[in-house]
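First, one chain by itself: the form predicted on its own, in structure tokens.
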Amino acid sequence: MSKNYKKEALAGFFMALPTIIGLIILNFYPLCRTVYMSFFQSGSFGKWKFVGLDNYTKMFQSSGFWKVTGNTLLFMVYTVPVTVIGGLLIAVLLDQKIKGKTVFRAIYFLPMVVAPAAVAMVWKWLFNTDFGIVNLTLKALHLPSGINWISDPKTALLACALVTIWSSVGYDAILLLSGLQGISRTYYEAARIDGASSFQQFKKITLPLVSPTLFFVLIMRIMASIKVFDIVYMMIEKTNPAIRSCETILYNFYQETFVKNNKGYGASMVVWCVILISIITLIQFIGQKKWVTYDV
């Protein structure tokens, strides 16, 4: 091993060291600490009692636990397909030669930088039963209106999902746009010479070549949907009759840990959330071999 190689390896190690330390302090240690806490029951004055797997047994035997897991998965089904497909369509449109492209990108990305509290407050007004623009628009279109969007158990989770889709689709579109701009234009020129239609170009060129970025966006979106907390917390108040139909895993974790002071049980909820994300991500990595194209 040459001296230059050792120097370059050492320099690379020290450059990566801050990130490694950050990951250990901010990710690895909290994860290990959470797993450790899930085997204990918290008491008063900071006392902890080892209970083994009791928290997990209690959690899996609770009907409420399966309810919040079902709500979380339903929220994922509501948001992920619409956000990813919508983001892809917006990215394709932004990749065309149109005037004001930069302005459109900023407009679509804007919801992502708005504070969730402000987003929730505005959307609660939009969903107002009597004066909200959503019901007024439905009424103008002669569709069923007067819907109690955020207080009806049948629509409350859907309302939270719509807000999430609105605030996330622009971010996904920007990520997918970066993938689209990495595709060489020579492929499209060759396809046009061969007489391929726009749909054929999208199907045979765009979709396969943007699939790695699409796969990344899909993973990140699924993780975000399973970890949803802020929108539900701010949209649905504790006294709302629809609260049970909107509780997600992390919302339940918050209630158990910081309201009921049941930190051990709350930690087991977080561990379950990590396991659920890991299972779905693993399935995605297995399935991606059939539709993601890495080699051109």
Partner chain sequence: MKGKKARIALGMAICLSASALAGCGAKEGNTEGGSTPESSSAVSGSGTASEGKPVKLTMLGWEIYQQAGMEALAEAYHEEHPNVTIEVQISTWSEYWTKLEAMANSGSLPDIFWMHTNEFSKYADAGMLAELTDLYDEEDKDYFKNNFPDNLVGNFTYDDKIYGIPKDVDTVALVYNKDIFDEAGVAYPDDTWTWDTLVEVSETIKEKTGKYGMLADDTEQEGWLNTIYQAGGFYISEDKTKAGFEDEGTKKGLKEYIGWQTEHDFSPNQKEFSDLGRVERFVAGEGAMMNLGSWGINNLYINYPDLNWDVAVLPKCPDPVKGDGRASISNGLAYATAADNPNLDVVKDVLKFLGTKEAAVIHGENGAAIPAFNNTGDSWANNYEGKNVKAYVDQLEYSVQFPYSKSKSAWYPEVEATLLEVYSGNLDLDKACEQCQQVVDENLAAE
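Residue numbers count along the first chain shown, from 1. Note that the structure is a prediction, hence the values are computed from the model and not measured.
There is another form of the same protein, the form predicted in complex with the partner chain; it is not shown, and what comes next is about it.
The single contact residue among Ile279, Met15, Ile286, Ile25, judged by any heavy atom lying within 4.5 Å of the partner chain in the model of the complex, is Met15. Interface residue among Gln201, Ser145, Gln181, Asn128 relative to the partner chain in the model of the complex, by the heavy atom within 4.5 Å criterion: Asn128. Within 4.5 Å of the partner chain in the model of the complex, a heavy atom is found for every one of Ser151, Lys238 and Asn261. The partner chain in the model of the complex comes within 4.5 Å of a heavy atom belonging to Lys7. Although the partner is absent here, Lys47 sits close enough that one of its heavy atoms falls within 4.5 Å of the partner chain in the model of the complex. Shown alone here, Val271 lies farther than 4.5 Å from the partner chain in the model of the complex, counting heavy atoms only. The shortest heavy atom separation between Arg244 and the partner chain in the model of the complex is within 4.5 Å. Of the candidate stretches 109 to 117, 213 to 221, 165 to 173, 129 to 137, only 129 to 137 has residues whose heavy atoms lie within 4.5 Å of the partner chain in the model of the complex.
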